[in-house]
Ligand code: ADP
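Presented as structure tokens, the chain that follows is alone, the form predicted on its own.
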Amino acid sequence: MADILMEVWDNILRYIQRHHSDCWRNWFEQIEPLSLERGVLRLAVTERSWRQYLQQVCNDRLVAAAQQVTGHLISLEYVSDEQESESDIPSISSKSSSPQEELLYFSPDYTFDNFVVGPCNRLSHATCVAVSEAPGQAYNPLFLHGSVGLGKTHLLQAASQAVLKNNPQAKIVYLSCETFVNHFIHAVERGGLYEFRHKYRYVDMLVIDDVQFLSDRERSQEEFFHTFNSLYQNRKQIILSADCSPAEIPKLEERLVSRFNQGLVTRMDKPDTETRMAIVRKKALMRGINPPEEVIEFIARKVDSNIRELEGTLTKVHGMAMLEGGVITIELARQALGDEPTPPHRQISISQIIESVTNHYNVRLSDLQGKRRSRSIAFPRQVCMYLARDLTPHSLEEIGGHFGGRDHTTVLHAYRSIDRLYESDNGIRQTIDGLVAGLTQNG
């Protein structure tokens, strides 16, 4: 019976690895099937974060795989031993969970062991490790900033999980800034400010991702200011992340900027080629994949934007390999990604961007540099700032200097405004793409 059970579980794993490689992890091999009775497959899963990952991310796929393999309706139960079942694990979506439980979901992928350290993130990694070893003492607050997909969330969760490993009783609140703001608004509406403040001010560590969401939210900033002060005065650890430095968050109160800067502010940059290769190796190892070195280098050189795209590319290559017999080759990788040579980066100047935009929108340079705020002028000005930040190495201050000496917050606001429109308005997307194409071809 035990041999049959192991064969069923092994077939389920092979099915997941073949059809859902994006959720496969190498620690799946450590899961032990305990029993299959009355349509319930019980699995021994030793780590709490593993059980949460299986529940929140993989459960539907595992159930479908079990039913495909056995030909019967099967449900899954994850246990840490013979007594504890998955019902003991708080679910993010469970309405019966306490607010604290809802916040404490950490990915088993996001640990210090799984983080690849390079010149682009060495300081941020070292400070997060130091904070996890001595919360409230080493660096408080700790503020990480950088573009999307560079590992900020990974380090925030890794620090949180390390603290919990050292002290399982530690009270940690980890959430996005948007969730914090929504909780605050809900508390105001229902008269629950006392409960709200107790939840956030009586913790050992407050970890908030994407704190730039506080921008232009006066009441939320006021509440966060007092929450920050309460935690800081009680020597409780605060870790924050954003897509820009504190001073670059538009319409953020000076007192909050000052508070954020009083600790340690570290920037995370794009990884270089060697670091990207190490990241691909690490991601492949986590998924039980062993691609040839030439494939790892090909992916790392082909994708130079951020870690999430690297991971997505690896998933695509592995998925195609599973359909083609399971072997990853350089030819298959080229087929998956396309083997067109990456166009060289051209040096584009702000003057070229201004010339292109003024010609397209039929406005004058003097208008863009002036104080007029009518949409016919303000919008082309914002497009210029957006393109300048994306296509040139100039700082926000330098870009603002080309447009009548505007400050960095104005440039950042312009960038975000156009970025939102780019995502939501197909016409603007086509216009921006056309301007970029013209600049890169003629730059």
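When you see a residue number, it is the position in the sequence shown, counting from 1. Since the model is a prediction, treat every value here as computed from it, not as a measurement.
The protein also exists as the form predicted in complex with this ligand; that form is not presented, and the subsequent description refers to it.
- The contact residue chosen from F213, Y110, Y361, Y232 relative to this ligand in the model of the complex is Y110, the criterion being a non-hydrogen atom within 4.5 angstroms.
- R308 is the sole member of R308, K236, R197, R267 with a non-hydrogen atom within 4.5 Å of this ligand in the model of the complex.
- Just one listed stretch, out of 351-359, 160-168, 275-283, 218-226, contacts this ligand in the model of the complex at the 4.5 Å heavy atom level, and that stretch is 275-283.
- When contacts are judged by a 4.5 Å heavy atom cut-off, V148 counts as touching this ligand in the model of the complex.
- Of the heavy atoms in N114, some are within 4.5 Å of this ligand in the model of the complex.
- Taking the partner from elsewhere, K152 is found to have a heavy atom lying within 4.5 Å of this ligand in the model of the complex.
- Interface membership of S124, defined by any non-hydrogen atom within 4.5 Å of this ligand in the model of the complex, is ruled out.
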